[in-house]
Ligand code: DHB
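Only one chain comes next, encoded as structure tokens, the form predicted on its own.
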């Protein structure tokens, strides 16, 4: 049967992708950011999965205010990098895993979560920047990726508890797939940042690191944080952290298994006008 072996958590700052694409990663401003992912790139080579289930949010490229699914799973065979206004990122196209994606959709919907099934969409920096941070700049991504888009752009947004419970359902779905696949689940977005209004540029290091502590050792407490607290403490875009709770809810300890092993933790300010957070947890 398929199994989730690890979860990865990372910010998906668009400027990080631009820095990589333009060869600025060795500039003094960007060096500390990319240094924080050196371990992760080696870990990824040493622990290459068969499939990545990648939780991210679309930034008005695949979806718009005309149609906003709360949870959308990509079931296509491939996904092209999106043009976000300055041309697509020069990265490989994303190869999907339609068989596993369809199975997850079937299972999760039967567990009473309503998913939007997307058979064609482009994927933006929310998905490709995490791949670049973990995999570098390869000719092709190392494995198939199942995109899972969450609405954290237009209110109402799903609660952290809802996302955490969805992660539990995704774990059950993956573990009921009858092929021996090694699956990683990634939660992306965040950490604290606000892009507009009087609090534009807000960074809350204390909240960010407290959230990382909870995510590692007390995920139920992290899931219980009300959505308004994310907005108040971490900025309007800090709500993206609920996507990390989907990945954390899929880990074995939440279902009564052993606690995961913390392989890597990284936090840095600034990267553009945001805080960058990153964790790798392995199931034991």
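Residue numbers count along the first chain shown, from 1. Please read all numbers here as calculations on a predicted model, not as lab measurements.
Not on display, but discussed next: the form predicted in complex with the named molecule.
Of the listed positions (162, 97, 171, 125), a single one reaches within 4.5 angstroms of the named molecule by any non-hydrogen atom in the predicted bound form, namely 125. Think of it this way: in the predicted bound form, the named molecule has a heavy atom of just one of 76, 109, 195, 117 within 4.5 Å, and the residue is 195. Contact between residue 59 and the named molecule in the predicted bound form is found at the 4.5 Å heavy atom cutoff.
Contact annotation for residue 274: at least one heavy atom lies within 4.5 Å of the named molecule in the predicted bound form. Only one of 140 to 148, 187 to 195, 68 to 76, 171 to 179 lies within 4.5 Å of the named molecule in the predicted bound form by heavy atoms, and it is 187 to 195. Residues from 219 to 256 that approach the named molecule in the predicted bound form with a non-hydrogen atom within 4.5 Å are limited to 240.
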